[in-house]
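This document starts with one chain, in the form predicted alone, laid out as structure tokens.
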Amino acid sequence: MKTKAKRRLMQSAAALCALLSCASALMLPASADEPYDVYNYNYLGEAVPSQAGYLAERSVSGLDLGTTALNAPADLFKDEKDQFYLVDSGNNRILKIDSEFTEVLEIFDRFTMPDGSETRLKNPKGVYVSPDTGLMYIADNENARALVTNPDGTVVMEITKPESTVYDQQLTFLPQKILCDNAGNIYIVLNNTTKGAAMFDANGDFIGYYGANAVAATATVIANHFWNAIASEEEKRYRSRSTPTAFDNFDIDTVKGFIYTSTSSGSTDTDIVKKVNPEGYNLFSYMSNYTWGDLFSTWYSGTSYKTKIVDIDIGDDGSINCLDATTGRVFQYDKEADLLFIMGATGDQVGAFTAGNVAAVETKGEGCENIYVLDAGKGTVTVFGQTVFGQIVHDATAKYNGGYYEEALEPWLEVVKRDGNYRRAYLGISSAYYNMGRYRESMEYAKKADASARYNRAFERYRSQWLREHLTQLLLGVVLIIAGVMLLKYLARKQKNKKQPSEPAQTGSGT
């Protein structure tokens, strides 16, 4: 008997262990194979586990592409044909790579100048291929110039230091990054000025500076501004001046012409990411308290760190992809700057990067199906592929931001089924129900997202809707109440008159 009881006890314990193991497996994040924790932020701003929107698929080296190893690569760009251009700075060349990122199609290391002479690059830093002009633009850093070439590498224009009073002639001309807008204007980020990008017209003539960062309104800056206002000219010469930090990378939305800039240096969080219109105005200026990157700089490592957004890419769907050199993470936002996904880390595995050495981020596909991260330290490009969950989120986001709130309802509901921590989905569902006139459900999901303004707006509509639907009953109720009150008063008066004694009859006196 004791043996049987002991056997049953052991079987029960084994079954319990198996059950706990299954439960633990179910509780693991879907990205257990990733070399980092997949997370997002809830309505309290707390980092919570989340479903992965992207998974690292492979890491590609120069040898994998059929050429020599990459040496300190600095930039990566995808053209309108989905072909990639990789700036291999240490090898003084630019590699043209096929759309599948499997082989090198062409190597640009020698160029023909307009006079027929040959020239070579020296530590190039940036490349851009314009969908409008079809030309290739190269930031040739240590040659102190920018080259504009035909697709075959024939130089059509060379841009050097401007001979202009606006440009400080004591500064060397050191192009870092380069791009061109749909009007043919050329923008060059220089690493030794804080005035913004140097801007040239289609003929290479210097126009001025574009998109300079603002000076953060810190207590020190305000104090300096006050004292400079009342100081003498002699005192001003000895006082420190407040200057903005320079942005060091940018990308352009080729559809609408907005230029997005990223700033990795500086002691403040001012203008880390900007969306600049053709007039140079920052359309993200209203987001002065917005945090790009991690909300808290101690969540992941337990030690304090500062986000350094070293590159920015605008996807074909308008998504904003920011690369943080400090943590090796890519932070993906939709075009309204709402956080979608976080991926990456520092480390040696596929999907992790060399700390401080990630150089560029690029995306491909109308739905941003792939993300490419260039690691200068490893000399590799990591390719991330979109998961099913990522596809659903992007589908819902595209419909939602396009104003198709009702069409976005089903994918948002599917997102919630897959990830109950995904706050963005609750906001989307609330908006969908609001636009469908289902204000009570809108209030319910706004409450789950802790979106008080959205909840109050839905509540006002729900109250008005309820009053309209029940107006007849309310009026009838009011009429019945009034009639009842009048009836009660009438009955009360009648009862009171019954209780009062009648006056005695008067008798006449006889004579």
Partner chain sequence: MMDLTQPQWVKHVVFHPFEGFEDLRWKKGGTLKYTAIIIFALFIALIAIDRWCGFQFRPLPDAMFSVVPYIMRSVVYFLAWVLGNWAICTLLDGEGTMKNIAIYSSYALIPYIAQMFAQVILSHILVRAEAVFFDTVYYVGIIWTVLLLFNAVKAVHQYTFTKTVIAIILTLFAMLVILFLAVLFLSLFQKVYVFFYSLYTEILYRVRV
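Bear in mind the structure is a predicted one, so any value in this text is a computation, not a measurement. Positions refer to the first chain, counted from 1.
The same protein has a further form, the form predicted in complex with the partner chain, not shown here; the description that follows concerns it.
*Asks:* Heavy atoms within 4.5 Å of the partner chain in the model of the complex: does Ala446 have any?
*Replies:* Ala446: yes, in contact with the partner chain in the model of the complex.
*Asks:* If you check in the model of the complex, is Tyr39 within 4.5 Å of the partner chain, heavy atoms only?
*Replies:* Although the partner chain is absent here, Tyr39 would stay clear of it in the model of the complex, with no heavy atoms inside 4.5 Å.
*Asks:* How about Asn456: is it within 4.5 Å of the partner chain in the model of the complex, going by heavy atoms?
*Replies:* Taking the distances in the model of the complex, the answer for Asn456 is yes, it comes within 4.5 Å of the partner chain.
*Asks:* Are any of the heavy atoms in Ile481 no more than 4.5 Å from a heavy atom of the partner chain in the model of the complex?
*Replies:* No, no contact at 4.5 Å.
*Asks:* Using a 4.5 Å heavy atom cut-off, indicate which stretch of 66-74, 459-467, 481-489, 50-58 touches the partner chain in the model of the complex.
*Replies:* Flagged stretch: 459-467.
*Asks:* Go through 34-61 residue by residue and record those having a heavy atom within 4.5 Å of the partner chain in the model of the complex; state none if no residue qualifies.
*Replies:* If the 4.5 Å heavy-atom criterion is applied to the partner chain in the model of the complex, 34-61 yields Tyr43, Leu44.
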